[in-house]
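Presented as structure tokens, the chain that follows is alone, the form predicted alone.
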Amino acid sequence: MRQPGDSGRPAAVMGILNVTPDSFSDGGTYERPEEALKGAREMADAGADLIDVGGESTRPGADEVSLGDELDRIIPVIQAVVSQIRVPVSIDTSKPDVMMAAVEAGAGMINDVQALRSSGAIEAAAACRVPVCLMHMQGRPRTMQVAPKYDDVVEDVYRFLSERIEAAVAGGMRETDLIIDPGFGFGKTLEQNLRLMKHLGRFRALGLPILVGVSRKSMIGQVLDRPVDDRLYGSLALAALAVEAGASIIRVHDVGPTADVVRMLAAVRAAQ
């Protein structure tokens, strides 16, 4: 797996490949394996360093998906992508059985919005021996946006991630395999999301790579009054801010424009 800084970039670009009917932005776009493979190839050609495959929507109000349905959605896609495209694949899931099956199918990373809090998740992730992203989320997808509350959103999220790092290491994971994600939009109000972005650099003190996913999210729509499919510029602005604050991975729908942003940032940094 390429690391941030390779290819002249200060951060890796992770393309979002949701093989779901109900994701907030691209639900239904990649439901069939051939559509997903075509989308993955387009992301790779546009400059993706990683492709994040998800079979269960985590948008606010989303219904849960059965284990069997999630496996049926993601395994054929992962197998097709890893056999035909030279870009590492991440699996976006919180289910231990899906983690193990996805890694066996060729996934090289686990991206868990529950930060390995599901029963057996730490053990499964430790057995997989691949990098794992631990994300903060207050509540569950169905209810997470119902009046989220914090004493101090930055410090509360920081404390949560610190505790999950400790739990993962105690459960057999290598700290060098861990990545953290503050979880923009997952149980946060607009003001809380903006505060997290403003103070994103605080999370560098945890000593791990930071993943940021703000692509097309409602915080952009609220600030700019734009529908989901008209949030590219807001997404790019936040991506640039995140990279400058120390983010190592930017998770996005619009791979090509984001790759251009991080390449320009790299060029400026490299200037004498």
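Residue indices: 1-based, along the sequence shown. Only a predicted model underlies this, so the values are computations on that prediction, with no experimental measurement involved.
Another form exists, predicted in complex with a small molecule; not displayed. Remarks below refer to it.
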Heavy atom within 4.5 Å of the small molecule in the model of the complex: which of L241, V223, V228, L206 fits that? Just give me the one. V228
Which one, I78, V113, A124, A168, lies within 4.5 Å of the small molecule in the model of the complex by heavy atoms? V113
Full three-residue contact with the small molecule in the model of the complex, heavy atom 4.5 Å, for T58, D181 and L211: yes
Taking any heavy atom pair closer than or equal to 4.5 Å as contact, tell me whether L200 reaches the small molecule in the model of the complex. no
So in the model of the complex, does any heavy atom of M135 sit within 4.5 Å of the small molecule? yes
The chain here is shown without the small molecule. Which stretch in 116 to 124, 181 to 189, 94 to 102, 159 to 167 comes within 4.5 angstroms of it in the model of the complex, by heavy atom distance? 181 to 189
